[in-house]
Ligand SMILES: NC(=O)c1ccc[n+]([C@@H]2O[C@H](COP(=O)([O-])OP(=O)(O)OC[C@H]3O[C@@H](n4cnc5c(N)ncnc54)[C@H](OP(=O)(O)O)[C@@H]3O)[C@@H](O)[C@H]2O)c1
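Next up is one chain by itself, shown in structure tokens, the form predicted on its own.
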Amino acid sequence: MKQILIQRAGKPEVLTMQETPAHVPSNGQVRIKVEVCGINFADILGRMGIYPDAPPIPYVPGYEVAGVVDMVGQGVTGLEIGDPVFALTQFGGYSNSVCVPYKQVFKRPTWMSAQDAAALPVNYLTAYIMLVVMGALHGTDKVLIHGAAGGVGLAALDICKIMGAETFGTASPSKHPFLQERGLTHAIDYRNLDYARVVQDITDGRGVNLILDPLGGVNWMKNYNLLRPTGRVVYFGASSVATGKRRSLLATAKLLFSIPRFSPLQLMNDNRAVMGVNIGHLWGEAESLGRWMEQIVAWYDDALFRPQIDKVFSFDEATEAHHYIQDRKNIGKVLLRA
């Protein structure tokens, strides 16, 4: 089988192709012949050597795949050889063959393309958990989505549109027309304007009900201060640490020194909630993940959304794919074709 390997920390050029014998699924696993796999920002941080959950280098990155079951291990129920599926993988997803615990595998409706399926697990589950499960999203809420043109950002925008919430989204000006066509209520040029001031101006100083923050650093407190009473902020990343395409000790130090401290008394007096989401720490919640994914697939089934696939690269172009994302060229999901 072919795999993309991070052989050392560094720029995208450290990604290399390797060929190894295909694995045989162990008890409770199925093997998937992969058609496409998703690229996520965690893969990029891992390649840079600054993702704390990453296994020791060298390793094969990748959190999600779509394809067809081609081998079934003992103890597996509900899946058979030939089933079209998509799955969450705990690393190892940049491969044209992968063995996965069957509870992390979801059947793919025959009318759902492999590309659409590979765009769902990480982005849409993360957005659903933040907005619906933990964020208690209501149709009357005002929601600030940072990185609105990225994979998670667009997934969050789709869910907010389904639920009827008013949305504020930060993105480069060139991406605003697309986002507005997609349903974004207020597009914010974060490069040339202070997003906090824009939000306060639009809301007459009241702020918003729910914020999704993948930025980290000084934005942690900046977003907290934008919450109105009973508001919730969900932290799910720290992209501000990735100032370039290789590890920066200065950026890491700035991130660590900017971590806020919240006391229970402060939260009570402010009537605000602070939450965090890391889907990579939810492997033990397979039943819940499956239930939440059922709702996402039901929305897809009802044609309430379609994931935005920006570009599909071949395995040979994995280096170019990472450059493409870090150069902020994508609007939506970037995939690798196995």
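Treat the numbers as computed from the prediction; the structure is a model and nothing was measured. Position 1 is the first residue in the sequence shown; the rest follow in order.
What comes next is about the form predicted in complex with the named molecule, which does not appear here.
**Q** Could you work out which of 224, 102, 236, 91 is the residue within 4.5 angstroms of the named molecule in the predicted complex, going by heavy atoms?
**A** Contact with the named molecule in the predicted complex is made by 236 alone.
**Q** Quick one: from 289, 69, 277, 50, grab the residue that has a heavy atom within 4.5 Å of the named molecule in the predicted complex.
**A** The residue in contact is 277.
**Q** Which of 293-301, 54-62, 35-43, 22-30 has heavy atoms within 4.5 Å of the named molecule in the predicted complex?
**A** Flagged stretch: 35-43.
**Q** Is it the case in the predicted complex that 87, 97 and 120 each bring at least one heavy atom within 4.5 Å of the named molecule?
**A** No residue of the spot touches the named molecule in the predicted complex.
**Q** Is there a heavy atom of residue 178 no more than 4.5 Å from a heavy atom of the named molecule in the predicted complex?
**A** Taking the distances in the predicted complex, the answer for residue 178 is no, it never comes within 4.5 Å of the named molecule.
**Q** Counting only non-hydrogen atoms and a 4.5 angstroms cut-off, does residue 15 reach the named molecule in the predicted complex?
**A** Flag for residue 15 set to no.
**Q** Determine whether any heavy atom of residue 172 comes within 4.5 Å of a heavy atom of the named molecule in the predicted complex, and answer yes or no.
**A** Residue 172: yes, in contact with the named molecule in the predicted complex.
**Q** With a 4.5 Å heavy atom cut-off, would you call residue 11 a contact of the named molecule in the predicted complex?
**A** The answer is no: residue 11 has no heavy atom within 4.5 Å of the named molecule.
**Q** What are the residues of 185-214, in order along the chain, with a heavy atom within 4.5 Å of the named molecule in the predicted complex?
**A** 190, 191, 214, in sequence order.
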